[in-house]
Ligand code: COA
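Have a look below at one chain only, the form predicted alone, in structure tokens format.
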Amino acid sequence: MSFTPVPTTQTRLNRSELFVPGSKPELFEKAIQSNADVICMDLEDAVAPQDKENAKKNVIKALNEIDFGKKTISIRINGLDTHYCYRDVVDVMENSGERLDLIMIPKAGVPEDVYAIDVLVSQIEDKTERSKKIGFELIVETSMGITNLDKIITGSKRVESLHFGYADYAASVRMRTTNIGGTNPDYSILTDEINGERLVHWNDMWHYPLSKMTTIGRAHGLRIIDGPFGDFSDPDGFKAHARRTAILGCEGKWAIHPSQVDLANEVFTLPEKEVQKAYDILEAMKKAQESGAGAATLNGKLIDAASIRQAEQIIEQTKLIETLS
């Protein structure tokens, strides 16, 4: 390991993050009844301009009056390029007590974007004598955001997680697709002729930004959360997409419809056989070390110190799920 340690952030269970428009308060209670780990009350894209003021009032009322139980509660504020942004932060924080846990910042492009919100939040916390510090979720959804990602994260020590925004990212880099996540038949390769036939293999057009986000985000000790899957009528597509991002290092995914919550929880909760395999690795290495060996085998495969770190990550996440879910 490097002599420079990776920092750790606030530990939260974040397998599923259910988005609820602030303009539809009738959905708040339904969100609470769901199995979502995090509820994000949205003031941005899901709310029309003429409804934004009432949406904010609904969110403030909910934070003061509704019992959200053990769920982590976030709000997605409007972008820094709008006149709604600063009022979202000031009005909600000054009038909603201590229940809010996180603020989601959309379209972060430079560290100054994050710093600007930190200044507001810090001043409000000082003024209101807030005891619970607000954490930040950053949405990576522009070419500028991906390019400056390593610097953006340094904009505030409040940053806890990175989230990938498919639609805005696609628009930002001018991708020729209207998909929000998922696949596109044009992003494929055609094999050479084999036995008189040429095969088409579809590829994952989101691999690069997600891989970069997980690599850089983990270097800063952050949670990496996959963003939306637009077709909520396609549960199989949702799970297939989530499995790919889970393999890359994501530990959760957005749910833009209640039906996606349990799907996300299923994918980002490791199967019992995988957890047992992790425990078996630790036991095998313990026996190897007691005998003076630096490595061991398990079911015909080499396991070493790196295998221990992989197993420990799996066990740690499983224990977190058992404790907080």
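Given the structure is predicted, the values throughout are model-derived calculations rather than measurements. So that there is no doubt, residue numbering starts at 1 and follows the sequence shown.
Although it is not shown, the form predicted together with the ligand is what the next lines describe.
Between the ligand and the residues 256, 282, 298, 66, the one pair within 4.5 Å by heavy atoms in the predicted complex involves 256.
None of 31, 38, 278, 267 but one reaches within 4.5 angstroms of the ligand in the predicted complex through a heavy atom, and that residue is 31. Although the partner is absent from this view, residue 86 stays clear of the ligand in the predicted complex, with no non-hydrogen atom inside 4.5 angstroms.
Taking the partner from the other structure, the ligand in the predicted complex has a heavy atom within 4.5 Å of a heavy atom of residue 20. Contact check for residue 187: no non-hydrogen atom falls within 4.5 Å of the ligand in the predicted complex.
Although the partner is absent from this view, residue 181 stays clear of the ligand in the predicted complex, with no non-hydrogen atom inside 4.5 angstroms.
Contact check for 46, 76 and 228: all three have a heavy atom within 4.5 Å of the ligand in the predicted complex. Figure note: of the listed segments 284 to 292, 52 to 60, 66 to 74, 257 to 265, the one touching the ligand in the predicted complex, with heavy atoms no more than 4.5 Å away, is 257 to 265.
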